[in-house]
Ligand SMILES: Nc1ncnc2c1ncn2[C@@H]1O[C@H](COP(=O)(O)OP(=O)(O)OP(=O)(O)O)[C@@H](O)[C@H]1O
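Heads up, the chain below is alone and in the form predicted alone; it's given as structure tokens.
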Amino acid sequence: MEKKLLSVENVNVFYGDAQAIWDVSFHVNQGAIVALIGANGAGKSTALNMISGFNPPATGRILYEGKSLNNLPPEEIVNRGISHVPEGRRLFKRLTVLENLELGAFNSTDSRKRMKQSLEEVFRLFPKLEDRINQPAGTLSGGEQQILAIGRAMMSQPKLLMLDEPSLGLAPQIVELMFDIITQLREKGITILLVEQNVYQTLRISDYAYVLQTGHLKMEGRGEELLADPDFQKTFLGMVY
């Protein structure tokens, strides 16, 4: 039986007086890759920021492992087992690869205690990072910086990893690598909530997807079902980059 790891229930989110998400509900089953897709401004990044505690919902509930995340600070949400790789990576570019990775364990007491183990696991996943361990993050290629951002998020040993536009701005061959990495993370037991503009590739690897449009939930279904849906094809497949 599938187990819900994350449930978002009837949330409404505002930026000041402007409403960004309208009565949206979705859930993420444990061990799955679940995608949020839609055009720019649809509310996808807002949803991830909401779950991370940066912009809590005005109304509605966020449940993780059956417990409320509403109004918890971001550091406590990390401690609960959720890591967020934001759009644009937001690395500390003057710090080394190692220093950026160590900062990924800073918010979690358990992760600080297990930092050596976490580093070993990240280096097994991403051996290139170990090769660049003393290199400033800002001197890495775009693909390597994205891998470092994911590695930093993995340092807190999350159960749920949220990825916001991981393929943005990358060369086509690196985009393929990024989707391979996401699949590998799921195979290692990490649940993935993925925001991506590359609709075809995203649905190809996703177990389930929710389609947002101007802050409203418009469609949902399994990846292959949406790809075969004529209405979805007409409206959304033009977003494939």
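Every value quoted in this text rests on a predicted model; they were computed, and no experiment measured them. Numbers for residues come from their place in the sequence shown, where the first is 1.
We do not show the form predicted together with this ligand, though everything after this point is about it.
*Asks:* Against this ligand in the predicted complex, would residue 29 count as a contact residue? Criterion: heavy atoms within 4.5 Å.
*Replies:* The answer is no: residue 29 has no heavy atom within 4.5 Å of this ligand.
*Asks:* Using a 4.5 angstroms cut-off on non-hydrogen atoms, would residue 11 count as touching this ligand in the predicted complex?
*Replies:* Judged by the heavy-atom cut-off of 4.5 Å, residue 11 is well away from this ligand in the predicted complex.
*Asks:* Using a 4.5 Å heavy atom cut-off, state whether residue 42 contacts this ligand in the predicted complex.
*Replies:* Yes, residue 42 lies within 4.5 Å of this ligand in the predicted complex.
*Asks:* Just checking whether residue 20 would be counted as a contact of this ligand in the predicted complex - the rule being heavy atoms within 4.5 angstroms.
*Replies:* Result yes; residue 20 sits at the interface with this ligand in the predicted complex.
*Asks:* Heavy atoms within 4.5 Å of this ligand in the predicted complex: which of the stretches 44 to 52, 200 to 208, 65 to 73, 182 to 190 has them?
*Replies:* That would be stretch 44 to 52.
*Asks:* Only one of 130, 102, 87, 121 comes within 4.5 Å of this ligand in the predicted complex by heavy atoms, so just point that one out.
*Replies:* Selected option: 87.
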